[in-house]
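Just one chain is shown here, as structure tokens, and it is the form predicted alone.
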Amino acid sequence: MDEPPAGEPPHRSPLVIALLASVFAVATCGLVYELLASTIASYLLGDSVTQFSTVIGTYLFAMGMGSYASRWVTKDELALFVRVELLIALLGGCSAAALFIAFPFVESFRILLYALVFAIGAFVGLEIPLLMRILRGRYSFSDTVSNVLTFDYVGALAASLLFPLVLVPMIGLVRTGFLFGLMNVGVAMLLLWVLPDRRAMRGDKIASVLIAALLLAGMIYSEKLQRWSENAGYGENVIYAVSTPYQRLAITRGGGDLRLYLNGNLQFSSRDEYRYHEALVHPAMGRVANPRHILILGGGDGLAAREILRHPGVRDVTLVDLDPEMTRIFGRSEMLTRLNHGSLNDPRVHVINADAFGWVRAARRQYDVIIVDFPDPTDFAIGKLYTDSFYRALAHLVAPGGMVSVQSTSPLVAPGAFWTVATTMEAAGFTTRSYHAYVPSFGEWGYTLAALGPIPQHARIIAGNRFVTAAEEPNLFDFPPDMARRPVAVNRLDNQILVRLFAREWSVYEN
């Protein structure tokens, strides 16, 4: 079965050409499955460094086990390779959809995640040794190794470039899995087609057609599959969802309540978001004599901007948010612009889509009030925005007499993480005053007020607030003993203790 047709140079036979093309394809598919599992794990479980490290480590270990197991394959290498391709197509192609669907229902999700990663990795580990054995009679040993490794590394490069630049932003995670599963099936079909005895392996041919049909159907209905899993997970109707290069963004509606989720984490509920945003904005705005120039970091939903624009003296608002899809949907959707009062379309608001860490370091203008509304520090990419390095850069943007307000997670659930923000800002040269507010969707939530000088004791709170009134505002600064300040370390760029502390404290609460 493995020999080329008589009279044809071995290295030019259709089978050999197909095998070399397969090396490129399987390398690309294998790395894409690895990146898919790592990305989905970071979306669903947080802490991207931990998820990428553990998933990649498990995957590489499994590849080693698969390569080791190949020593017991002594015959029919080509037939086994085709079957391995079909198994990888089925497991890898369905992996993204399976993980998203299982997450709301499987309590031991990590066991499922690593079992799936191990299975895919073990089969991928079988591929290259089998290919090298199949090619050994058609090239010299040195040429075989050179050709296989060359195509393998080029395929890995293609996958590493395609994944962040094309696949995630344009195709999405679930559809990408099905697409590359089809590529694995295509490799198997190609080899089945060029086999010298095409009557052989009829069962494999039928299996390849059935798997291809399954993956094609999954690709066509991938968005519905993900919506279904999100509806089940959130317990609400998902009315909008999209995977961007930065996050999974989902908006749900139920009983008149709109909710925004980023990577599965609740960002606001329309029923009580006014409590969160009034507390975030007005204590800082009310402590500046004439706040005219405002900077918002994060806050792409426009809700903090809505509160800021209620102050009559505001001349301009610069809003820096990483994800253009976030600011786009909250600037165009009628139901969302009703919620933020069209703040992102106000001529005084200038939206910049950029990484706040780099933008702040490059900015030169100063602002009277800076509102920092980043997601919680669930991973190191976000955690860098809570470091002393970031706060030192931020200090250069604070105008004389200016104020900064930072959302700082829950002082009840994660008191260590909460007080780390104040400690880190103080290490960067700020004076701080911490406060908290009860938001039903989140529970007790905390904020850090900061300035480069003394912080005024009292604020001038504008009329019309539903929660933070002039009478209520002083009470926000009182902490009961279970939320009182405690000694914590500074969150630095090279240690990111805040991310680990946040994960540990929230895991205790969630379990």
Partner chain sequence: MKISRRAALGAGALGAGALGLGAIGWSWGGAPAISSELGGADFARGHRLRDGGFPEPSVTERRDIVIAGGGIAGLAAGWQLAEAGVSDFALLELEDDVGGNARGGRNAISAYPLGAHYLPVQNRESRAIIHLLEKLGMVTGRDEAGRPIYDPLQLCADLDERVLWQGKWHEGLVPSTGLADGDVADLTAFNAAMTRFQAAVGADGRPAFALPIAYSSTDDAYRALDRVDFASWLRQQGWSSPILWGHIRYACRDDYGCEPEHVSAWAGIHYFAGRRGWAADGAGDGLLTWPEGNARLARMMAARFADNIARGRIVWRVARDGTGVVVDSFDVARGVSVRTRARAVILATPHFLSVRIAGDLVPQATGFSYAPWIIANVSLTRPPAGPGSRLAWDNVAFVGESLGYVVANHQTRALGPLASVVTWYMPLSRMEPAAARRLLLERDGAAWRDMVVADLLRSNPDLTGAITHVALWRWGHAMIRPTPGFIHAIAPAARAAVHAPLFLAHSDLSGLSLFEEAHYRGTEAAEAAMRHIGHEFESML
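Each form is matched to the other, and the largest set of C-alpha atoms that superpose within 1.5 Å is called the rigid core. Computed from a prediction, not measured in an experiment: that's the story for all the values here. Residue numbers count along the first chain shown, from 1.
Below, we turn to the form predicted in complex with its partner chain, even though it does not appear here.
**Student:** Of these, 101-109, 297-305, 150-158, 401-409, which stretch puts a heavy atom within 4.5 angstroms of its partner chain in the predicted bound form?
**Tutor:** Selected stretch: 101-109.
**Student:** Can any non-hydrogen atom of Lys384 be found within 4.5 angstroms of its partner chain in the predicted bound form?
**Tutor:** Yes, Lys384 sits close enough to its partner chain in the predicted bound form that at least one of its heavy atoms falls within 4.5 Å.
**Student:** Consider Ala241 of the chain shown here, and say whether it contacts its partner chain in the predicted bound form, taking contact as heavy atoms within 4.5 Å.
**Tutor:** Although its partner chain is absent here, Ala241 would stay clear of it in the predicted bound form, with no heavy atoms inside 4.5 Å.
**Student:** Looking in the predicted bound form, any heavy atom of Leu19 within 4.5 Å of its partner chain?
**Tutor:** No, Leu19 sits far enough from its partner chain in the predicted bound form that none of its heavy atoms falls within 4.5 Å.
**Student:** Can you tell me whether Tyr261 touches its partner chain? I mean in the predicted bound form, with a 4.5 angstroms heavy atom cut-off.
**Tutor:** Contact with its partner chain, no.
**Student:** So its partner chain isn't shown here. In the predicted bound form, which residue out of Phe380, Trp193, Tyr221, Trp359 has a non-hydrogen atom within 4.5 Å of it?
**Tutor:** Residue within 4.5 Å of the partner: Phe380.
**Student:** Residues Phe123, Tyr246 and Asp494 are flagged as a possible site; in the predicted bound form, is every one of them within 4.5 Å of its partner chain by some non-hydrogen atom?
**Tutor:** The answer is yes; Phe123, Tyr246 and Asp494 each reach its partner chain.
**Student:** Does Met403 shift between the shown form and the other one by 2 angstroms or more at the C-alpha, the core having been superposed?
**Tutor:** It does not, since the Met403 C-alpha is displaced less than 2 Å between the shown form and the other one after the core fit.
**Student:** After core superposition, I'd like to know whether Arg83 moves between the shown form and the other one (criterion: C-alpha shift of 2 angstroms or more).
**Tutor:** Moves: yes, 2 Å or greater.
**Student:** Is there a C-alpha shift of 2 Å or more at Ser70 between the shown form and the other one once the rigid core is superposed?
**Tutor:** Yes: Ser70 shifts by at least 2 Å between the shown form and the other one.
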